[in-house]
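Only one chain is included here, represented as structure tokens and corresponding to the form predicted on its own.
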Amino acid sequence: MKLTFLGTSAAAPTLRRNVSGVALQFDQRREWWLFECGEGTQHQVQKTDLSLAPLRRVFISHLHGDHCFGLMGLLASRGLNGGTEPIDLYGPPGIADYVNAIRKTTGTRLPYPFEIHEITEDGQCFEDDDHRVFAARVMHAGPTLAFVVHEKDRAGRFKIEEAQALGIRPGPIYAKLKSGDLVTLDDGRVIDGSTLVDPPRNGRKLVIVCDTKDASALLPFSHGADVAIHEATYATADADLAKQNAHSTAADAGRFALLAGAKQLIMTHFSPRYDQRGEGLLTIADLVAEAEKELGEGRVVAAKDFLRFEIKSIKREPGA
């Protein structure tokens, strides 16, 4: 699982940061998913190795412009660029009205199947063979969602080099060995397939909290997260602004990650004020320090546009 941050600014773009957007790619799947689609997201995509054609799912947390104004342009460009595979869109109540109004007034036609899922209850909103996605309504200005992507546990790696050392040639027998079955070879030897497979790999868990002043409703789905992405619009010194605008401070983000048991926190959605330079001004580094006081040193990353981050698979210990 790989993350690419397409925009990390709050409210409006700056010279250094575009507004919200995060791409999620998968190890063995060509498709990718998009979380948030602020204005200019399709321009940001063009500056990466991503292509719009394999985009399969889009998740929008809420209908503030810095999270959704780029959506219809991106969907239209996907069609113009030859995208034909379906897209599913997930978002809060009202997102269907928003999308359909733009399609109607602009005459936009999408040359591929397109389905909108409005999420009205906390819980699972999607499942396939490899992943489950959960959504919860969090506190912000208007209906707002946060998401958890939970990869299902995966089988351990088949030790093909050890199988070959035992004189077992590739073929249908490998599938049985990968499944951990007992296999009798032509020469009479009985091989326990479980000895040729690494321990199962825990499914990775990614938490994505965009805009909120309180994301505790997502915690039941977040425990044991490998990575938590959380907005950190303000520093503690500006907590009054955070409260006024229903946003989080960096310390809030750190506390959420701690409660979720997250191994790593990636902060995003920064107020442009912290990118300013000048004596006595707070910086993004100060926000990282505030979050680390809550979560622990070395466990907090401040996202910037085009940051790439890989969520690595972890082997499960025998008996775990």
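All values derive from a computational prediction rather than experimental measurement. So that there is no doubt, residue numbering starts at 1 and follows the sequence shown.
Here the subject shifts to the form predicted in complex with another copy of the chain, a form of this protein not shown in this document.
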{"query": "The single option of Gly203, Gly156, Gly83, Gly73 touching another copy of the chain in the model of the complex, heavy atom within 4.5 Å", "finding": "Gly73"}
{"query": "Of Arg273, Arg29, Lys47, Lys263, the one that lies within 4.5 Å of another copy of the chain in the model of the complex (heavy atoms)", "finding": "Lys47"}
{"query": "Proximity of Val58 to another copy of the chain in the model of the complex, heavy atoms at 4.5 Å", "finding": "no"}
{"query": "Touches another copy of the chain in the model of the complex: Cys68 (any heavy atom, 4.5 Å)", "finding": "yes"}
{"query": "In the model of the complex, Ala101 touching another copy of the chain (heavy atom, 4.5 Å)", "finding": "yes"}
{"query": "4.5 Å heavy atom contact, Arg255 and another copy of the chain in the model of the complex", "finding": "no"}
{"query": "Candidate stretches 38 to 46, 291 to 299, 247 to 255, 276 to 284 - the one whose heavy atoms come within 4.5 Å of another copy of the chain in the model of the complex", "finding": "38 to 46"}
{"query": "Residues of 13 to 30 having any heavy atom within 4.5 Å of another copy of the chain in the model of the complex, listed in sequence order", "finding": "Pro13, Thr14, Leu15, Asn18"}
